[in-house]
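A single chain, nothing else alongside it, follows as structure tokens in the form predicted alone.
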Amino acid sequence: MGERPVILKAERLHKSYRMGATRVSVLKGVDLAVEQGQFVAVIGASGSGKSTLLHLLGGLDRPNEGTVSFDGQDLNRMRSWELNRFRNEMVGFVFQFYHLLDELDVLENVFLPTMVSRGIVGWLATRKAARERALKLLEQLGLQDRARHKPYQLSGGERQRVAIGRALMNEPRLLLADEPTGNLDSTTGNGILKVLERLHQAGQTIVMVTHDERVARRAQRVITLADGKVKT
């Protein structure tokens, strides 16, 4: 079996933030290549730059130096509307604290990315298909009976599965997960990891950051981040 194409590449990434009178360097020249279909875990202690790296890979932030390229396209060269489209269509984000909207029900939270990307006229034309896809995702995640519940009526594990459904709504080529089990007990977290493993087996490219070695070992490949650099 030949090598799969590299879908995501970071080269010489530097990122620093100003805190009062001082500048804090978080990333200090990170290189990373992710092949299509890989499940990569980035592990590191708190403050090692894991979440910062994930934000750069997903186009949520820009590096001070270096490049992030997706499928050969440099994110730094994208205009703001192109970057918005990239984040909406190519990347799915899963966060530790779910970031679900309590005023929407579970089904609405899942199809929200499609609604946002279409505009009013486009949404009216695609609403039926989007609802059907959202319901199918909820069924796959074992949440079909929760479609009309509000997020605050769910357990932490259920909320994280809703967040995964939302991240998958637009069929992204890349799934980025930031401490997806960090807010959950070990049994519930294990259920979330099984969901990610099934997605990987189906061909989904995943980059997950975690501080937990046991969680990282569930991935296909583990990269250690220490003091703002990839540890070799």
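Just count from 1 along the sequence shown to find any residue number. Nothing here was measured: the structure is a model prediction, and the numbers come from that model.
Below, we refer to the form predicted together with a small molecule, which is not included among the displayed structures.
Interface residue among Gly37, Gly47, Gly191, Gly182 relative to the small molecule in the model of the complex, by the heavy atom within 4.5 Å criterion: Gly47. Note on the partner interface in the model of the complex: the residue among Leu199, Leu174, Ala167, Val26 having a heavy atom within 4.5 angstroms of the small molecule is Val26. Stretch 38-46 is the answer when you ask which of 159-167, 183-191, 38-46, 64-72 has residues with heavy atoms within 4.5 Å of the small molecule in the model of the complex. Using a 4.5 Å cutoff between non-hydrogen atoms, Thr52 counts as a contact of the small molecule in the model of the complex.
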